[in-house]
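So this first bit is one chain, no partners, the form predicted alone, shown in structure tokens.
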Amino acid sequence: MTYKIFLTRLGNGLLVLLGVAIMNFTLVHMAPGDPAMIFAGEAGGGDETYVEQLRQDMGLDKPLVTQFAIYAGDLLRGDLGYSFRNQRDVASMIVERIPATLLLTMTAFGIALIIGIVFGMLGGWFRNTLLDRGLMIVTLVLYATPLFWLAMMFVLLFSVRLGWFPPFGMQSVLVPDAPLDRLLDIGRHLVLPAFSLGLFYAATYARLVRASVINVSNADFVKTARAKGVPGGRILRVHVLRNAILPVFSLASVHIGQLVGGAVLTETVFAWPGIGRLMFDAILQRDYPVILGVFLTTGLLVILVNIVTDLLYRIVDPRIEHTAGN
């Protein structure tokens, strides 16, 4: 049954990816600004002949429908296009940047889950206490704080003021030769951007888990466990927490796409060499192939994560499989 669900989700995902490709292509080409004019102006050759030649080289002189047909044909062959500004294939540029973005987003995601579940579990189990109120105040402040402001405050406090962590980049200028030292160096650079990106989502998970813990704690099976004399810690771990974190799976699949969007700001502030920074630079430069390639790659990642999350949800809660079968 699971493989049928997987194939269904995969087919739906491909249709969604097609819609994403069409929408992105249309919106990007509707945006103001002529890439050929911008490129020619930066190159110091703004005459009409040179600009027209650039349009022909970039394929911008053709009708929009023809441009999309060429673009779709290239996608079917696995070709994301060519960046005339960088003189490189878009696919190779994205492949170079994906590891850095995945490292940042997955680390931030892990931080968000751990802090959010712990805060929410404590707040829900000790509800209406001083601990609960303190944790909810902290999560409310984190949720209301703009991501870019929090990132800059982290730089000012922990890099400029205290000097605990490096402020920018993914590695030091003088990269250590030893693998362990190099790994530790990347880890030190990762701390600030990962926490600045993850704390916002941790606040969301904390409030969600708190509400879910309170709801599950009032369920009949939890009351029965208390009546049987089961220790409170075991009730929390075995009965409450397992059911309380189920909504996190649904929300997490949505947040993966938002994490990539938040990574644009985080990577810009911390000069982190990921696809978020690549997309930001491409938008400023009107580099259409790079913009479309990053958008499509991001959409593909979100679709794959949603499929995996859906399957994991069915493993964690087998009742969904039973309901789907009926």
Partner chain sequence: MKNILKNTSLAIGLALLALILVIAVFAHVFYPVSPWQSAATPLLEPFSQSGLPLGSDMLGRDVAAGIAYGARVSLTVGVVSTIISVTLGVTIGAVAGFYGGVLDNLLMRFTELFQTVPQFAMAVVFVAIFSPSLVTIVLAISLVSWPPVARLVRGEVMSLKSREFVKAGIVLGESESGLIFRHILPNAVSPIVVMASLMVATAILTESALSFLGLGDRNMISWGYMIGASRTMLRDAWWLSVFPGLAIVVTVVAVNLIGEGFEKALNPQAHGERKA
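Positions refer to the first chain, counted from 1. Owing to the predicted nature of the structure, the values given are computational and were not obtained by experimental measurement.
The next section is about a form of this same protein that is not shown, the form predicted together with its partner chain.
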State the residue from 99, 187, 134, 146 whose non-hydrogen atoms include one within 4.5 Å of its partner chain in the model of the complex. 146
Of the options 72, 183, 152, 114, which one has a non-hydrogen atom that comes within 4.5 Å of its partner chain in the model of the complex? 152
Is there any non-hydrogen atom of residue 24 lying within 4.5 Å of its partner chain in the model of the complex? yes
Find out whether any non-hydrogen atom of residue 119 is located within 4.5 angstroms of its partner chain in the model of the complex, and reply yes or no. no
Given that its partner chain is not shown alongside this chain, does residue 258 nevertheless sit within 4.5 Å of it in the model of the complex, heavy atom to heavy atom? yes
Even though its partner chain is not shown here, does residue 20 get within 4.5 Å of it in the model of the complex, heavy atoms only? yes
I need the one stretch from 102-110, 72-80, 154-162, 190-198 whose residues put non-hydrogen atoms within 4.5 angstroms of its partner chain in the model of the complex. 154-162
Restricting to 289-307, the residues within 4.5 Å of its partner chain in the model of the complex through any heavy atom are 291, 295, 298, 299, 302, 303
